[in-house]
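Alright, two takes on the same chain below, each alone as structure tokens: structure 1 and structure 2.
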Structure 1
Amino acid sequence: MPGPILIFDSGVGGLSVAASIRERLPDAALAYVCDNAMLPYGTKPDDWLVARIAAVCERAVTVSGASALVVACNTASTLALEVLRARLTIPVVGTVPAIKPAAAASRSGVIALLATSATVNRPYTKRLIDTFAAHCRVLRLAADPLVGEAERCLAGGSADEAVIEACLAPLWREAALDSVVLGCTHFPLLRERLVAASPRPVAWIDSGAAIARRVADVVTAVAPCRAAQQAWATAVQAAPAAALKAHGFPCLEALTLPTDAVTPAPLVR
């Protein structure tokens, strides 16, 4: 029997992608894994992260019996997709910022990428902009604090409106800006709050629907949806457990990794 579609993220931001996949494939079983023991990924060196991501995903695919893996994390996708596809025998779908649709939809030719520092500064992101948005002016804005706000809101807390407004403030200096790419899977979870904090209307564009379409294209067989869908975390904590339960993953278990995958990561300085 085929297994579920497994969604991977460093935290619970991938729940925004899970929602898009559920909308596209309502009868498919989903599973979720987060490497929250090492959150945030943006402070870790690239080589260490590639090894870590591979270890977590390989183990999660084994224990879940997944039919496909969705890497619902921009940082992980830009670093580890090739390694994952080489090591796994199931389809692997990645996440990239929605630069292409935003550039195509913009009337003014001025768009922004709102993402984490790691995504904003990667050569991969520059290549996306050069390839699909060369005719646009693209503001790249790091908004790392929004990750914590999304995690807190998903766990039942309240967002700090001052933090959100401060993260968005540089956008409004661009009078012609008409489209903002949500380049982190956590950010669509704050969409209503982002809209409320905006002094003028802009289009907020994320990758969720495109990822769901790609999953539907590559997954030929998947387990049918069950009432209780499984999730794993590298650190079982109350906050992610509450967020996952509220979004249809009530069964959270600890993901046990090989010893060489749990060594502390040095910080990027």
Structure 2
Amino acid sequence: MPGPILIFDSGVGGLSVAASIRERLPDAALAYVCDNAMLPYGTKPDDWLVARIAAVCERAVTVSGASALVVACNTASTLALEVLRARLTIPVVGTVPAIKPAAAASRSGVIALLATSATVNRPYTKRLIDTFAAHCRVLRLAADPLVGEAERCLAGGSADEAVIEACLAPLWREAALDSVVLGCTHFPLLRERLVAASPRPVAWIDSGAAIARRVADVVTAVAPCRAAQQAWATAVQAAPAAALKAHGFPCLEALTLPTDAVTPAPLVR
């Protein structure tokens, strides 16, 4: 029998992508893996991240028997998709900031990318902007504290409005801004709070529906959803376990990496 579609993120941000895939493919079994022992990814150095992401994904694909891998993390996808595709034999679908649809839909030609520090600074992201948004003014805004806010909210805690307002403040200096790309999969999970913290309406654009369409195109056979919706974490902790359970992944197990793949966490940039 074919395996589930495995969704990978550093934390619970991939649950925003899981929701879009469930909407598109309600009969498909999903599995989830998060590298929460090393959360957040967005402030860690690239060479360390590539090795870590490859080790976690390879191990998770093996233990889950997945038929496809969805890298539900912009920070990982803008860096490690090629390496993952070279090392895995199953289809790998990535998540990259929705610059293209945002630039196409913007009336004013002023848009923003809200993402992790790593994503806003990546050459991959610059290429996306040069290719699809050359006619726009694009504000690139790092908002790493929103990752922690999303993790806390999904585990049943409350968001710190002051943190959210501080992260968004630079957006409102752009009078003509009309669209904001949510270039981190954690951020759509805070959508209502982002809207509430906005002094004026803008379009908030994420990649969830586009990823789900791509998954439906590349996945030809998948386990039926009556199979258990299993999840793995590199650190089994109460908060992500609660969030995963509330979003359809009731069984959380520890993902044990081969000892030669376990490197110490690097200093943040």
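Remember, predicted model here, so these are calculated numbers, not experimental data. Superpose the two forms; the largest set of C-alphas matching within 1.5 Å is the rigid core. Residue numbering: sequential along structure 1, first residue numbered 1.
Between the two copies of this chain, it is structure 2 that is the form predicted in complex with ligand DGL. Residue displacement note: residue 214 has its CA displaced by under 2 Å between structures 1 and 2 (rigid core superposed). After superposition on the rigid core, displacement of the C-alpha of residue 65 between structures 1 and 2 stays below 2 Å. In the core-superposed comparison between structures 1 and 2, the C-alpha atom of residue 36 has shifted by less than 2 angstroms.
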